[in-house]
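We begin with a single chain expressed as structure tokens, specifically the form predicted alone.
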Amino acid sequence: MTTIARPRVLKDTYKMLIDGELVESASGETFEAISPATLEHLSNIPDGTEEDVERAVRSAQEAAPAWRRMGMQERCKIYLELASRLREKVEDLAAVEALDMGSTISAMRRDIAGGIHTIEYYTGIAWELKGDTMPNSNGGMHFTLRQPHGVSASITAYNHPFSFAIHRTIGALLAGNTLVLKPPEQDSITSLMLAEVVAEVFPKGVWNVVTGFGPTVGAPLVRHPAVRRIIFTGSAATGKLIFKSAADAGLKSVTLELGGKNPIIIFPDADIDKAVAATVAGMNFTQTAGQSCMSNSRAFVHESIHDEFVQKVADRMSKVRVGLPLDEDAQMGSVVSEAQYNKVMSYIEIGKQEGATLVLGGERPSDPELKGYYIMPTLFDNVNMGMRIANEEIFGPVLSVLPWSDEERLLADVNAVDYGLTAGIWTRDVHKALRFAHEVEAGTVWINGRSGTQGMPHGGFKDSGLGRLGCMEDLLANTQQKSVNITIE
């Protein structure tokens, strides 16, 4: 076991960012940041209030006119300076995020690097944020403008705190909006470390960060009449509450990236070894301990290859090395909190009670050093769509295998859940692959792999969300279109 030292950059107490200044909460109160993997105290986080939200929104309002008028070249220059400074802090950010979230440092290095790469991508496509001209009418000229909404709010999720702090804000800011970010209360530290760098390079008031809890920060932010755009990443239940609350306060632009109960479909002609590897990788055990809305937590396997598939998946899952977050050799860490641990363990009990076969896991690791909220990679077999574990998002390291034999019934079962974020298809039959790609209700479909490329839209069908992220559509959603008609006499 190769373990790196606790990062020296950790502070006793962090501060929020409001109006370009690093400040305490208006109440002066804080809450503890405790590592879910080691149970050690990490720092103290400002416990934000509605007064802090009001200050942050007011600051964003005051900064909005100048930021809106600033040229795209200057906005991109500021962002590229941010990226340059963040590159110098990758190791510190990765180590802190690993401790704060419970995941492994190797996974968090990828997340931090991915967040910085997002800046590079968005500053490249931002120049395409432009209007259109229309054919000339009798004596007229007609064109459209893209203009920002004004003050935006971004509420991010705990499974990628730093990455989301970049990815779920950059579209709004490059489009000319000002912003208030509410990080996840479970792991806020790297968002506040980011805020320290933002304070050095962004004009004051353009990007504000207020930490705290949903009722005291998130809810008043969503309801605030001056907030015209909301980007939320989290559970479907919370997303629906935010959508309703936002509508009650006014007609706002809302993007929601919510949950998933994603299928991976294995046909009998699939390359079984590659499909097994993709199924285990797609559960994100080694990235977030299965805490991912994109995890393929339902594996639909044809009965003719079912036994071999389950055995090979179990063998592969049993080799995942669970360990401490700063252990360079660890592949999987803990879940993010005691509440999440209890939720996942309750679903494991539900699966047993419903009659599913527990093949692997379902318990804490035996290593006495792993004192935090660890759950071993868990595999259920003989699951059917009448079970809760096949329909409800567990958001943890739990994979369910559902045997199938009839294609039409298979398709019905795949689409039976309320979610529709991603789907995987494994077959050598291109016609079958394309037919299922058309018929499956999901925003992203992978065929014979899990490859992707920057710029592909990310978002879901049904209760998995509204809108698309990671692409030009994200930038466009952060603007309002205005038609201008000039009469030329």
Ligand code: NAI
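All residue numbers refer to positions in the sequence shown, first residue = 1. Bear in mind the structure is a predicted one, so any value in this text is a computation, not a measurement.
If you look for the form predicted in complex with this ligand, you will not find it shown, but the lines that follow are about it.
K.L.:
Want to guess which of 93-101, 164-172, 369-377, 350-358 is within 4.5 Å of this ligand in the predicted complex, heavy atoms only?
P.N.:
Looking at the other structure, the answer is 164-172.
K.L.:
With this ligand left out of view, choose which of 298, 224, 182, 229 has a non-hydrogen atom within 4.5 angstroms of it in the predicted complex.
P.N.:
Looking at the other structure, the residue within range turns out to be 182.
K.L.:
Name the residue from 234, 282, 403, 150 that puts a heavy atom within 4.5 Å of this ligand in the predicted complex.
P.N.:
Of the candidates 234, 282, 403, 150, 234 is the one lying within 4.5 Å of this ligand in the predicted complex.
K.L.:
Taking a heavy atom within 4.5 Å as contact, would all three of 186, 213 and 219 count as contacting this ligand in the predicted complex?
P.N.:
Yes: 186, 213 and 219 each sit within 4.5 Å of this ligand in the predicted complex.
K.L.:
Is residue 111 a contact residue for this ligand in the predicted complex, using a 4.5 Å heavy atom cut-off?
P.N.:
Result no; residue 111 lies far from this ligand in the predicted complex.
K.L.:
Wondering, does residue 238 line up within 4.5 Å of this ligand in the predicted complex on heavy atoms?
P.N.:
Output for residue 238 is yes: heavy atoms within 4.5 Å of this ligand.
K.L.:
Please tell me whether any heavy atom belonging to residue 327 falls inside 4.5 Å of a heavy atom of this ligand, as the geometry stands in the predicted complex.
P.N.:
Residue 327: no contact with this ligand in the predicted complex.
K.L.:
Though only this chain appears here, would residue 421 touch this ligand in the predicted complex if you measure heavy atom gaps against 4.5 Å?
P.N.:
Residue 421: contacts this ligand in the predicted complex.
K.L.:
Taking this ligand as it sits in the predicted complex, which residues of 385-417 have a non-hydrogen atom within 4.5 Å of it? Please list them.
P.N.:
Heavy-atom contacts within 4.5 Å come from 393, 395.
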